[in-house]
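Let's start with one chain on its own, the form predicted on its own, as structure tokens.
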Amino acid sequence: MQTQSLVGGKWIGADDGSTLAVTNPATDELVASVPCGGAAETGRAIDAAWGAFKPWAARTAADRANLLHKLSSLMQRDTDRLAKLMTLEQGKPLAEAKGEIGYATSFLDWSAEEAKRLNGEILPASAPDKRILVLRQPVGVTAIITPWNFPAAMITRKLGPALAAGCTVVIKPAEETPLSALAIGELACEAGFPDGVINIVTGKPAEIGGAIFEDPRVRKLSFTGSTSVGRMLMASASKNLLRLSLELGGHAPFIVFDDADLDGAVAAALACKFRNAGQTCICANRFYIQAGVYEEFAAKFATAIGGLRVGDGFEEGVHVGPLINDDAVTKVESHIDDARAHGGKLLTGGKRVKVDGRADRFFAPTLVGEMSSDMLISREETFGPVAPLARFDSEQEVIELANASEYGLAAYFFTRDGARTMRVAEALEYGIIGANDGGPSTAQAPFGGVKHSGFGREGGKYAMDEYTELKYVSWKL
């Protein structure tokens, strides 16, 4: 287990020797201690990235692609080890953690191929003795700030295209889950990435962020996290006009029309809502069920939820692990209490689950009926295993309900009507739409939101635009 920060190809501690404890959310046991670095360590990481940038950008696309494929191969080789490490520090079931490693490597492999397709253009000129060239070049040193809920995939989704484009990076992983990031860094060293191309600093968010925003050599920041933090980062980025990609909060609607395949919708709802204990930015948060099938869907969904097993992520057959911390449990409970106070009906779950010898952070998958607009859960992202149901009558009504949110990351709907599929997909004000699909995330598609869910896209060829600049050359012959 690597527990030091990676700067310029060397593993280092904090200058003052301070450390940050990484604990298992299922047991409160200490997993490891990592450096509690700050501005000084981040400054040296930026120095290293800046020094490595031009040589890295000068490499051929094939060279960069080969190293990305090598890193992917090493992660696949170490899937079991990386998954166990993730379950230790994050809590998700081991099977989910293994799935995340596969998802994480898909971004590296896709980006490796995109490195070979970063094409420029020759445009029609304005005069016979001129030529117009458009070059695509790497934006420069890139900072990457990632969340705790997907500690491997949220790194590689940014790291892959950044490196493929020719950028060098400074990564600041979440304080709760730094070990997955450091393990990826360790494998990057084994793969043969040059010193300084990948740097990882663990520690104080404010100091690390401050050093990033103060240094004009950093030309790009990619952040995944809350909307509130995203707003602060955007304000700080104004000093150096730092280019941003922000993937922020979500409040996804999940719509079931009366002509939908209810069994398929229930299966999708189960996976979409309760994966990672509901701690995902694109998981369904508001369920709108057409009145004619509301009771049947609610009954089927409640039965399916009852079959989910809650427990330590290392236990066989567990579907739902612990929430990340005590504040997360408190928020879940407050949303349920508020919903019941406003007329919500508890259909299943609604309480903590006691797991012998484990911390008190396990919460039963919960279904609440009769959601209304005056409930907190209808306006705020719960980030926990709670599904609230509301009835609707018409297509237009539910589109208005779904769009009545400041967020616009993901939305889901289920219908057998082809014309309705196109109408609703076009009308929903969200960056990602799951039409009869509760799991739309994939490496080749553009992932990102609109409104207060941020801007920029990660995935596929679209991610490369985030890490490159266009240069126009007017050439007089």
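As the structure is a computational prediction, the values presented were derived from the model and not from experiment. Sequential numbering from 1, following the sequence displayed.
This protein has a second form, the form predicted together with a small molecule, left out of what is shown; the following refers to that one.
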Sole residue of Glu247, Glu96, Glu114, Glu89 within 4.5 Å of the small molecule in the model of the complex, by heavy atom: Glu247
Note which of Thr224, Ser378, Ser72, Gln290 lies within 4.5 Å of the small molecule in the model of the complex, where distance is taken over heavy atoms; exactly one does. Thr224
Indicate whether the candidate residues Gly203, Val229 and Met232 are all in contact with the small molecule in the model of the complex, with contact defined as any heavy atom within 4.5 Å. yes
Within 4.5 Å of the small molecule in the model of the complex, heavy atom basis, the matching stretch of 386 to 394, 353 to 361, 75 to 83, 174 to 182 is 174 to 182
So in the model of the complex, does any heavy atom of Ala268 sit within 4.5 Å of the small molecule? no
Interface membership of Phe314, the small molecule in the model of the complex, 4.5 Å heavy atom rule: no
Can Cys272 be called a contact residue for the small molecule in the model of the complex at 4.5 Å between heavy atoms? no
With a 4.5 Å heavy atom cut-off, would you call Ala104 a contact of the small molecule in the model of the complex? no
